[in-house]
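A single chain, nothing else alongside it, follows as structure tokens in the form predicted on its own.
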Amino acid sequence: MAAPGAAATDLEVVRGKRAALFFAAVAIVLGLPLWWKTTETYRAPLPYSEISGLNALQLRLMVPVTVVFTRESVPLDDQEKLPFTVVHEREIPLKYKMKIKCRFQKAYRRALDHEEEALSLGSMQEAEAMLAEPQEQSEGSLTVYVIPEHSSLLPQDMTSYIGPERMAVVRGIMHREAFSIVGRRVIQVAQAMSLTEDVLAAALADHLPEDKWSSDKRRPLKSSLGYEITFSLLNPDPKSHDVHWDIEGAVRRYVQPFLSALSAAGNFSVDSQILYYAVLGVNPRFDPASSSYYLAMHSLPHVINPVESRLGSSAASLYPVLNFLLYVPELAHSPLYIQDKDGAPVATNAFHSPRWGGIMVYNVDPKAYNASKLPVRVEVDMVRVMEVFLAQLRLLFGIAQPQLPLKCLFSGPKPEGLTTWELDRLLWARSVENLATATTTLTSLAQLLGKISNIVIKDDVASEVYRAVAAVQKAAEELASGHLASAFAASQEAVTSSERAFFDPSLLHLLYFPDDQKFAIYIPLFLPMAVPILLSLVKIFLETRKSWKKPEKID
């Protein structure tokens, strides 16, 4: 009777071993991979190699320049060589990881009949009007006309002229090195109308080290898809001054034409407000010699903060806000003047703060107090005010006066306050700035995602990164081809996509969920199941090993 019992016991042991092996196999082959797959952090693939290659990107900014030679502007032997193309390239010496080269592609040709006729007129204004009629130039391109050496179209002491459109005029010369001399004059004029080290240094001010380039180049606004402009009238003493300003008419006559000309650089919205009992944060000092009050230059930075709290325009804005304040001083501090660093009164009685806006102090005529009772009615001269604000607006956008070559005549801006080539120069600078910003954003994002493995990378984030990288590459290609409008549009897309990917909320979901927290969650779940399986496997291994070492019995 013992044999059947022993056989049953052996069968149970075998069955137990098989069950333990089965559970272990299921846990290892099916359970672990399933757990690993369902708990892993999803990370869509990103173009890390292409992003790292953006740091070594070389920008070639190509400026197409058409050089038109009139009759008798250069020797006849040189005119017979026309047409041909000359390329002038130089590297912009900026301390920046992205190498920037400026390439002027000069296409030399002879003047057409209507161009000869226009340039033979008596005044430059008539010539410009006639040349502008049949001609439409693309953004970023220039046309330089070479007139005879003794032409009366320019004053005799001037060798070149820069107009409000994408056109310039230089004098020719009857010399055996005529093409070389004229070529240098053309390059000087083209650089003044397009790209200089100062323009690019101002655009890359946030990306350059603190040196001579960026010490005073942080004045322009950063590139953005839109801007909000707020005009505020500050009347701290309404009991003494009844101030009236035609801001709506002034914006329509002066500001709107300027913003319309600048519309290619972004969208603009304009609003206005009147603030009563809004005083400056600094007490003016009294000058007995002139019986007036003044604000010293060192106290001007302290004026903005107390006033800014009353404006309330930038709190809910998605775009940069420019504030232009017209301050009518109270009767107790009138007249009020702003002094420069030398203690002399500022001619405009105004100052501006980089990337913030400007403030103008508008004094009431002292004779008005003697002619009527308080409050005195004050009619603001909007022409004088808008001249100051438009000049500050140009500075805030980085549109400074050009650095003209020697003996160069500048016609000045158009009636809307902006030349066409100034807008092109702004688009050049904004394109380079956008590419630098997008490259920095993508590089920082790639480094962050490479270091922290817990961050989820969703497909839409990856698509934005791919779109940004493609836009950067496209913008660089368009800049090298001289297509400024498409290059600027691609650079805006690069910045928008890169920042949309960098600030995507999904990147933060598992950022603060480290591995030790995973172990703390899953060990109490898997340990009660894993211990019996491991003990069974160890027991099976020891019994099997013991059976292998047990000697066989010999009869």
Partner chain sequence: MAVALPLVLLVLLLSGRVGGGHAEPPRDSLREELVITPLPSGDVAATFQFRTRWDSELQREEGTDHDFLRYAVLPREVVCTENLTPWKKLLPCSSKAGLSMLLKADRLFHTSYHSQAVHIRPVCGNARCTSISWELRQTLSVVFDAFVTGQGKKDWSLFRMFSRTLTEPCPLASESRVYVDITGYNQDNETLEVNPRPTTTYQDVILGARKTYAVYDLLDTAVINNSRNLNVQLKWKSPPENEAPPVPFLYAQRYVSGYGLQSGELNTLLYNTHPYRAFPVLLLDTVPWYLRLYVHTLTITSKGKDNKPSYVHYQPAQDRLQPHLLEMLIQLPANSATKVSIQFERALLKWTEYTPDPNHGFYVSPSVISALVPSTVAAKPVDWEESPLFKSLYPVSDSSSYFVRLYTEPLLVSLPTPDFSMPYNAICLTCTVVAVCYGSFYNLLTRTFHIEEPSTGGLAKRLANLIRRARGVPPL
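Note that the structure is a prediction, hence the values are computed from the model and not measured. If you superpose the two forms and keep the largest set of C-alpha atoms that fall within 1.5 Å, you have the rigid core. Positions refer to the first chain, counted from 1.
FYI, the form predicted together with the partner chain isn't displayed, but the following is about it.
Proximity of Arg15 to the partner chain in the predicted complex falls within the 4.5 Å heavy atom cutoff.
Looking at Gly183, you'd find every heavy atom of it more than 4.5 angstroms from the partner chain in the predicted complex.
Residue contact with the partner chain in the predicted complex: Asp365 places no heavy atom within 4.5 Å of it. Although the partner is absent here, Tyr276 is a contact residue: one of its heavy atoms lies within 4.5 angstroms of the partner chain in the predicted complex.
This chain appears without its partner; in the predicted complex, the one residue of Gly53, Pro33, Pro524, Pro45 with a heavy atom within 4.5 Å of the partner chain is Pro524. Note on contacts: among Arg467, Arg310, Lys474, Lys101, the single residue with a heavy atom within 4.5 Å of the partner chain in the predicted complex is Arg310.
Residues within 4.5 angstroms of the partner chain in the predicted complex, judged by any non-hydrogen atom, belong to 525 to 533 and to none of the other stretches in 64 to 72, 525 to 533, 490 to 498, 45 to 53. Applying a 4.5 Å heavy atom cutoff to the partner chain in the predicted complex picks out Pro238, Lys239, Glu248 from 223 to 248, in order along the sequence. Residue displacement note: Leu525 has its CA displaced by at least 2 Å between the shown form and the other one (rigid core superposed). When two forms of a protein are overlaid on their rigid core, residues whose CA moves 2 Å or more are considered shifted, and Ala56 is not one of them between the shown form and the other one.
After superposition on the rigid core, the Cα of Ala489 moves by less than 2 Å between the shown form and the other one.
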